[in-house]
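Before any questions on how it binds or moves, here is one chain, the form predicted alone, in structure tokens.
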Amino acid sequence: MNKIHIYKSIKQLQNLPLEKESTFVIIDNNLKHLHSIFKGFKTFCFEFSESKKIFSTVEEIARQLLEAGADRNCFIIGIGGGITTDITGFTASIYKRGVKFGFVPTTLLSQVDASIGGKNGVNLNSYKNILGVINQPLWIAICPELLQTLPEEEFKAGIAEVLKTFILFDKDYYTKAVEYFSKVAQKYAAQEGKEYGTIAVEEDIDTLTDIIGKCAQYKCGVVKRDEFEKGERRLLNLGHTFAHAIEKLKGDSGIMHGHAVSMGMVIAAKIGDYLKDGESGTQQSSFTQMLIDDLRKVGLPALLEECPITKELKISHLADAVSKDKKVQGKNIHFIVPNGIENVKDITIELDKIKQIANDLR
């Protein structure tokens, strides 16, 4: 099970209990400024991007580990965003039939969601995470100070997962997060020169740390109760069914995962309204409107037409890609419907029904 360590200062990461001789560091090559923290460790830099989240990257990492003498008692650390931790965890899980590993997530998305839960995998033919395992890291070291260098869109991508978590579990923290990230968005818009992440950290690192820690706590709790996604853990897929469809169709255009999740949550809410409204599809609930308004406040796209990459897409265009989702079972799919904060349901719905609703919603 994940053990979460939260450090306010980057320097505190040097206190991680590691044996230099047997520890191998896999790091995103955009994070060379962090090399000094892990000075003396055997370090490998790779390009980690969605296009590189494929099995050949796993093979290359394993080959370099083998050449460097990594044995079955080695420990592997993945430092970077969600793609880095996904690939590192998957590689560690299959290298020499599995070695121990830990993560230092460096994006908001990975600190609150992607690195937590033991899901490690790669894509196949642009379908998300089709090859993978569920295997827990020994620990995850979360440090909000690492977010200071994050540019605007990368930081905002993590906000979508924060709001998703609190929609599931915590009305008060949902309000707190919307207020905090709205304030950050306003300050960023009013100035020039500072990175988005720097403004977010400087605004109030204690509040930011509290929000991140609460997200991690909720996800860890769900994973502990339902590690292999037989029930409650499916709720964490809120917004992801249509998000993955968006990424399938627009991944080559650089769509951020969090932006896709943001729009995916609104589509899920609209489908929930459709099902509640006697399938006439005419009534938009107050919750759906609130969600749209709040996503806009924090700077995320709520509707497909609000994102330059997806503005030509219609909900109906996404229905075929949904049929390849991992949650499909035969002719049905587990679909997460939000009817309000702390009021989210896991329903089983026919794929043909999803397509019909998608066509009606357009």
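Keep in mind the model is a prediction, meaning the values are calculated, not measured. When you see a residue number, it is the position in the sequence shown, counting from 1.
Just so you know, the form predicted in complex with a small molecule exists too; it's not on screen, but the next bit is about it.
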| item | value |
| --- | --- |
| Close approach of Ala260 to the small molecule in the model of the complex, 4.5 Å, heavy atom | no |
| Non-hydrogen atom contact Gly193 with the small molecule in the model of the complex at 4.5 angstroms | no |
| Gly81: touches the small molecule in the model of the complex, heavy atom cutoff 4.5 angstroms | yes |
| Touches the small molecule in the model of the complex: Lys156 (any heavy atom, 4.5 Å) | no |
| Heavy atom distance at most 4.5 Å to the small molecule in the model of the complex, all of Leu109, Asp113 and Lys128 | yes |
| Listed range touching the small molecule, judged in the model of the complex by heavy atoms within 4.5 Å, from 313 to 321, 331 to 339, 296 to 304, 50 to 58 | 50 to 58 |
| Contact residue in the model of the complex, from Lys270, Lys119, Lys214, Lys250 (heavy atom within 4.5 Å of the small molecule) | Lys119 |
| Asn237, Ser93, Ser285, Thr149 - the one with a heavy atom within 4.5 Å of the small molecule in the model of the complex | Thr149 |
